[in-house]
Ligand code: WAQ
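Below sits a lone chain in structure tokens, taken as the form predicted on its own.
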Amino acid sequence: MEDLYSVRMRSAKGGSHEHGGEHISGAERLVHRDVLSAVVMEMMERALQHEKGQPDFINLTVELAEAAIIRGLQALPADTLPAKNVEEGHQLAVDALTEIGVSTYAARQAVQLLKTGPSPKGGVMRGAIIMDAETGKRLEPDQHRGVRATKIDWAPETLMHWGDAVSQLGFNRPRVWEAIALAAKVVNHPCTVAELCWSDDPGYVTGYVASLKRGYLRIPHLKKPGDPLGGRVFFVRTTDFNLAAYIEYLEQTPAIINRLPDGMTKKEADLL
């Protein structure tokens, strides 16, 4: 594995996130030096052209990730749980989470938090909730900020083969492959049971449940069009759990998706 550069963007309106600004967008990449400039410009354009509005604060961070500390991960297998409306989508999410090992109470608590806004004031958070998978208790130190899973991307060749294999399912889109990369990093920590997510972008209503047990389960209709609320919940088992070490893994360990899911070899992907 080669050295890569971690490129991270976050944008806000009404000041920085640290000073109460409204979160607009964020993005993550791990890239080679030869495409670094192009990716930086792409991130800037993404920040400036978001459906939630024009930001007045953009933070762009570029940091070397040495090969020795980059963790290689396997892509999660992907599937869709069909939902006809929001109520059905929420029930499918709760059912999937409980099958994976989250308590029914915690699953319902997580859905309710994302419905009403995970911030204590009822708005969106820049980061994710960390929740005890049994009790539903929130564990993140700052409930206004949350915790971000960062320094994540796909190896280009792996993404190409994966995209070819799943294009017939409608999965080969940036939103989906970015979500799968983030989810893969989160669920590969031994204390993570599952992740629940749906976007706070008003025009995007699909979300997912992810775990090592069932992979990435895409769920349509987790909110109504125009709804500006959403977020992420990372469910954890708290036996032998160290919160500081968990956050350190999420925020500081670089991870690259460089292996296809089991049963999807490069040869098989080429034949699809």
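The first residue of the sequence shown is number 1, and the count goes up from there. Here the structure is a predicted model, which means the values were calculated and not measured.
Just so you know, the form predicted in complex with ligand WAQ exists too; it's not on screen, but the next bit is about it.
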item: Segment that reaches ligand WAQ in the predicted bound form - one of 194-202, 69-77, 135-143, 103-111, heavy atoms within 4.5 Å; value: 194-202
item: Interface residue in the predicted bound form among M131, L182, A96, A165, criterion: non-hydrogen atom within 4.5 angstroms of ligand WAQ; value: L182
item: Close approach of R175 to ligand WAQ in the predicted bound form, 4.5 Å, heavy atom; value: yes
item: Any non-hydrogen atom of H161 within 4.5 angstroms of ligand WAQ in the predicted bound form; value: no
item: Contact label in the predicted bound form: V187 to ligand WAQ, heavy atom within 4.5 Å; value: no
item: Ligand WAQ contact at R148 in the predicted bound form, heavy atom, 4.5 Å; value: yes
item: Heavy atom contacts to ligand WAQ in the predicted bound form at 4.5 Å, residues of 53-87 in sequence order; value: none
